[in-house]
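Before any questions on how it binds or moves, here is one chain, the form predicted alone, in structure tokens.
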């Protein structure tokens, strides 16, 4: 993995973490084997259907709340456990959960946000694995006028955000009018007790 320079942040990037054939195989498994849902999120006090499909998997204790959603984890599947072990080895961090997002076409998106919920603890490590269609991943600093950062996330690409990244930066997947095939994104993370730092326990 290579480091991407980011003031007030720590980004690591491997555009070909999975070989093309393996990335395609995982995508087929996950499209068929995951219980996808269209959640409703709260934006400025009103509920809206999320512009993507999502699923939350993990260990029984990995309860997660964001954008007005309270998520209970579904049990790990064999492909998810396979990826979890491989990403833990690369990120040097134990994960107990994964948020899966399915972008069906260019109209599906993810707005500006940070993964900074209390359940993630201070300075969380987020390992983001992409499958399928390449999409633009953008970052912007919360307070300083740094130039935005853009990273193309293609099939098999792995991006690891850690350290103070979530405290200082927001990220998004914007909509696009270009013809766009399906994309899956898996963000592995560790849920910890509110207000407690993450530990190295499995």
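Residue numbers count along the first chain shown, from 1. It should be emphasised that the depicted structure is a prediction, and the values quoted were computed from it without experimental measurement.
Here the subject shifts to the form predicted in complex with a small molecule, a form of this protein not shown in this document.
**Q** I'd like to know whether residue 153 contacts the small molecule in the predicted bound form, with contact meaning heavy atoms within 4.5 angstroms.
**A** Yes - in the predicted bound form, heavy atoms of residue 153 and the small molecule come within 4.5 Å of each other.
**Q** Taking 4.5 angstroms as the cut-off for heavy atoms, does residue 71 touch the small molecule in the predicted bound form?
**A** So residue 71 does not count as contacting the small molecule.
**Q** Residue 107 near the small molecule in the predicted bound form, any heavy atom under 4.5 Å?
**A** No, residue 107 is distant from the partner.
**Q** Does at least one non-hydrogen atom of residue 96 fall within 4.5 angstroms of the small molecule in the predicted bound form?
**A** Answer no; every heavy atom of residue 96 is more than 4.5 Å from the small molecule in the predicted bound form.
**Q** Heavy atom within 4.5 Å of the small molecule in the predicted bound form: which of 27, 53, 173, 62 fits that? Just give me the one.
**A** Checking each option against the small molecule in the predicted bound form, the one that comes within 4.5 Å is 173.
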